[in-house]
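The form predicted alone is given below as one chain in structure tokens.
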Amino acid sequence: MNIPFSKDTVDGVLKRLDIADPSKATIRQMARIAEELETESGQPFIHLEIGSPGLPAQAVGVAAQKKALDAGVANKYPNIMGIQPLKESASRFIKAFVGIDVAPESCISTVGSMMGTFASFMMCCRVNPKKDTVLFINPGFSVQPLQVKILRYKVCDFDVYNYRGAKLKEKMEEILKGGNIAAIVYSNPNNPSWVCLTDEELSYIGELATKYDAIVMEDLAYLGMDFRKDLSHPFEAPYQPTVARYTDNYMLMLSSSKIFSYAGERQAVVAISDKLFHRHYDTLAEEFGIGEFGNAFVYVILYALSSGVSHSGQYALSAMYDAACDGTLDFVTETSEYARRTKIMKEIFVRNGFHIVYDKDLDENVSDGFFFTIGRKGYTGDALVAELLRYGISAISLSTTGSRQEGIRACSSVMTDAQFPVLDERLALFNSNN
């Protein structure tokens, strides 16, 4: 069987899109490459590059948003702090599934977690003039360090692969004692490795954040998706692990995109610890006239970025939070469909000569979830991305995520059962040619 896409065809598309090296392409650029090749050839791609939800948007959210639009909210600016029903339901949701108390006042609506992190970087790097660097516990979402770069702050990072357990504490203290770290960033579960930091590791992060006065930005985009444990019951343990149990210096990023499949409406909440929200910083007072962290975040940073978040969309998110808390919306069980798909895909890759890169959480196998990582002996991650394009498979290199390991990030979200045999066929062809 011939390779589905010739080198000349792929090179032609790359030249037309002005992309010199596909391994350095952004997620959106890689999606565009695959779309162009599909259009040119008529052959469908296996899309592993973009983490777009592959489940329907939650109906309770859609209904609430329609009701809000019918009630006339579209012609009104929403409260810049977020509408009160959302703030109250977000506080309740955090209590139900994370098991911590955050006041409604401290739950701030943002245009997706992308805006939430961008605004948070601006805040964290302004409260202390001696702290101008963001520490990333990698691998991670490639857009976040880009946001820091755009803001012209400094980046420090390390790959968590070799620093689990007590080694994580040692590595972090080595960096934090320099006194220049403003914020610490990671996702849990992790995009792309699906590594889940343990309570012990989170306690190290929290203790060090307090000791060195750094703010932890914990990205909970995939809240509840460590499917090795049942995190689906509101107001019942076990809860989503979080650094918030171990420090008051935290900002939690709560996206609706994956847990509720509501990516298109760009709804998220940044939950700031009550203590941090009300903490006064002389630097903020001198520069902006507002010294309190939370109010400066809202009335300076968010105010400069947007006139608020989609009014009707906030009603949707509020309704989904309430339904989850009431036990009528089991988003954890629904999103476990991604774990089913990932398990099948991992088996197909391994059967055809590939291996899982981030395969362990200490002594436990990594959970199956939204993302996973794949490597191939004899291939760098960059080379694997370029070669798989010829087989009609699009992915991104782990190098773009801050990983020091060789491999690719794969996402199971948009895969269908009908595509599994196609993936198997193309990987078998790759295997026979390599």
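From a predicted model like this one, the values you see are computed outputs, not experimental measurements. The first residue of the sequence shown is number 1, and the count goes up from there.
Beyond the structure shown, there is the form predicted in complex with another copy of the chain, which is absent from this document and is the topic of what follows.
Trainee: Consider the chain as shown here, without its partner, and state which of 55, 386, 60, 31 has a heavy atom within 4.5 Å of another copy of the chain in the model of the complex.
Mentor: Contact with another copy of the chain in the model of the complex is made by 55 alone.
Trainee: Counting any non-hydrogen atom inside 4.5 Å, which residue from 106, 89, 191, 261 sits next to another copy of the chain in the model of the complex?
Mentor: Selected residue: 261.
Trainee: Taking any heavy atom pair closer than or equal to 4.5 Å as contact, tell me whether residue 265 reaches another copy of the chain in the model of the complex.
Mentor: Within the cut-off, so yes.
Trainee: Can any non-hydrogen atom of residue 307 be found within 4.5 angstroms of another copy of the chain in the model of the complex?
Mentor: Residue 307: yes, in contact with another copy of the chain in the model of the complex.
Trainee: If we define contact as a non-hydrogen atom of the residue within 4.5 angstroms of the partner, is residue 352 a contact of another copy of the chain in the model of the complex?
Mentor: So residue 352 does not count as contacting another copy of the chain.
Trainee: Using heavy atoms and a 4.5 Å limit, would one call residue 257 a contact residue for another copy of the chain in the model of the complex?
Mentor: Yes - in the model of the complex, heavy atoms of residue 257 and another copy of the chain come within 4.5 Å of each other.
Trainee: Please identify, from 342 to 350, 229 to 237, 120 to 128, 154 to 162, the stretch that has a heavy atom within 4.5 Å of another copy of the chain in the model of the complex.
Mentor: Among the candidates, contact is made by 120 to 128.
Trainee: Going by heavy atoms, what in 54 to 79 lies within 4.5 angstroms of another copy of the chain in the model of the complex?
Mentor: Result: 55, 56, 57, 62, 65, 66, 69, 70, 73, 74, 75, 76, 77, 78.
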